[in-house]
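Heads up, what comes next is one protein chain in two forms, each shown on its own as structure tokens, labelled structure 1 and structure 2.
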Structure 1
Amino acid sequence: MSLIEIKNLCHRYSGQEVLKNIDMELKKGELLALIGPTGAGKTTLLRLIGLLETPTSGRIYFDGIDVTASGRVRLEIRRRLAFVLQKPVVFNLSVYDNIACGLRWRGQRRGDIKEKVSRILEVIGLSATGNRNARTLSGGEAQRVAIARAIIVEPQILLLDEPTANLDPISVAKIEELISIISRQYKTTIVMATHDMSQGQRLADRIGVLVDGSMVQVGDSRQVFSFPRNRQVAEFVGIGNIIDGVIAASKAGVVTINSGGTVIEAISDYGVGEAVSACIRPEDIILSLSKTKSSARNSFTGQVKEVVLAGSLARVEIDCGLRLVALVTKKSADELKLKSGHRVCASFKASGVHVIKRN
């Protein structure tokens, strides 16, 4: 049985529908990342799961118990939840007292509190700051304290709303490590809303994509990022090449897609005449100075329009009758002497093309 089950969940604010027919399940010990554009409904869904609001319609089940309406049951379940906000909330107390407050509210013994707080301070890497006022901490340190305060009461479910927003890379890495420890060692079930898609890939067992209040896809990172269900997902997760066309031929599972006279071969079971979009990730496109023998069924020669460097990678835009974007290492770009106006060959395998049906 799933720990959390959501059925046909809808929610409105002032008559405006912000969540639409959400169906979702979450297993014990699972880490689910919610991704989606700003305003997609991620925080609202967290607040509904956290029982901070009551949905307009639909049902939420915890361990098979319907908690949608019953105030008594909701209060009982809420004690098994912890919620950490995007902007860390710390009290005007020492770091130690901030973390210990939940245990004190639950009437635990002083000796037990001291042992647990000391242990969690080690986990979050702030053992030397126990006596320091929490409001003098950096944003990343304060967020670690907020997470420690949430996890020390051993919640069954931890809800995180953009836990690394507006933090520097070092702080982000430390908080991601802390989330991994909580998931792995404490076996806590976690639902995390994040604007950072790569963070979801790194941390989550599964990813849910929210767009315009609808859960448009749920799956592991490979399913979501390599096999998007529709164009909305494909555009959001950064499929750099989405090419519209019509299937002109099909044989033994290999289809020919005609896009304005340019032909792309792909693996698909869609039939001839079907209006589709061919999705090719930029990192699946291989660049060379001339056509070479390979197993790639798709090969196009074109002119480099733009090369944009980003760290150790280079984003290359090519005009070859259709627009293609490739992602290669900076070293490869240097070796190929890629510059605007140069000719280049772009190739990719039929198996590297994900075909989606156009609405």
Structure 2
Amino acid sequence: MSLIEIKNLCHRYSGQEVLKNIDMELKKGELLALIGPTGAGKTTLLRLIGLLETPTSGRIYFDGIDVTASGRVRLEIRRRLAFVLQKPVVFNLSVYDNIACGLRWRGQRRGDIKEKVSRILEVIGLSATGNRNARTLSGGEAQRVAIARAIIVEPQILLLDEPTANLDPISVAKIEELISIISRQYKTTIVMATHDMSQGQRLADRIGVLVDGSMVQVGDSRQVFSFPRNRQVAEFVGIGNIIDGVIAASKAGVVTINSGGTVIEAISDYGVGEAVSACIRPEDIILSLSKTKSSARNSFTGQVKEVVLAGSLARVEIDCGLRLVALVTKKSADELKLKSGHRVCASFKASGVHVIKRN
């Protein structure tokens, strides 16, 4: 049975529709990442699940209980979940008191609280700061306190809103590790909003893509990142190559897409005449200096327009009738001596092309 079930959820803020007909289910122990551009409605959805707001319409069921009902039930349910807000706000109290407040509100014994707080301070690596005023902590430390404060109450559901926004890479790594521990060891059900797709990919069991208030796609990371449902998702997950065309021929599941005279072969069920977009991930494009014999059905020769280095990778833009973007390792870019103006051959398999219907 689902721990959370959301049915036809809509929410408006001063007349503006922020969430539209959201349907979603969440199983016990699952980590769902909500990704989507800024303003897509991720925070609002978390606030509704966290019972900080009441939806304009629709229902949220928690363990089968309709939490859109008011009063006592809401407090009881609220005490079974915890929410870490995007901006790590701490009370003007000591680190210890900040972490203990949730337990105190639940009427736990002083001795138990002391034991639990000391234990969690160790987990988040802040044992020495227990007596310090939480307002004097750094951003990363405050975020760790905020997460500790939430998980100490052993919530069934943990809601995290952009838990690593505005943090340095070391703090990000520490927090991701903490989230991973909470999810794997404590089997806590987690819903996490993030605009960092790779973070979603690293941590989540499933990913939900929110665009303009609609849940456009929910699936595991492979489904979302390699098989986006539509152009919005494809653009957001960084498909890199979205080529518009029309299906010119179809035979045994292999289609030929005509895009302004250039022909791409792909695996798809769409029929002839259908307006489609071919999505090719930059890392699925192989570059070579000349046409080589390979199983790749698509092979184009063109001129390198730009090479941009990003860490150990190189992003190569090629003009071969189509504008293609490929991602290769910096090492192979060096070996191929890729520079703008050089000629290069780009090839990709028909199975590396994901075809989506154009609206």
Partner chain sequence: MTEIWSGFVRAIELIISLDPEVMEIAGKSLMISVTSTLLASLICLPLASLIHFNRFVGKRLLINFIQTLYSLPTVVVGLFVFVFFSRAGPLGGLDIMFTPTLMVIGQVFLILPILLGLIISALGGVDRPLIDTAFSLGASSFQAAVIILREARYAVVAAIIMGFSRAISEVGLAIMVGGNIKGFTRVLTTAISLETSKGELELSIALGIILLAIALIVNLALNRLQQR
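Quantities reported herein were computed from a predicted structural model and do not represent experimental measurements. In this text, the rigid core denotes the largest set of C-alpha atoms whose superposition between the two forms falls within 1.5 Å. FYI, numbering is relative to structure 1, first residue = 1.
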* Structure that is the form predicted on its own (1 or 2) -> 1
* Using a superposition on the rigid core, decide whether the Cα position of G261 changes by 2 angstroms or more between structures 1 and 2. => no
* Asked: Core-aligned, is the CA shift for S226 between structures 1 and 2 2 angstroms or more?
  -> no
* **Did R110 shift 2 Å or more between structures 1 and 2, C-alpha, core superposed** => yes
* Structure fact -> Shift of the Cα of Y96 between structures 1 and 2 with the rigid core overlaid, in Å, rounds to 2.6
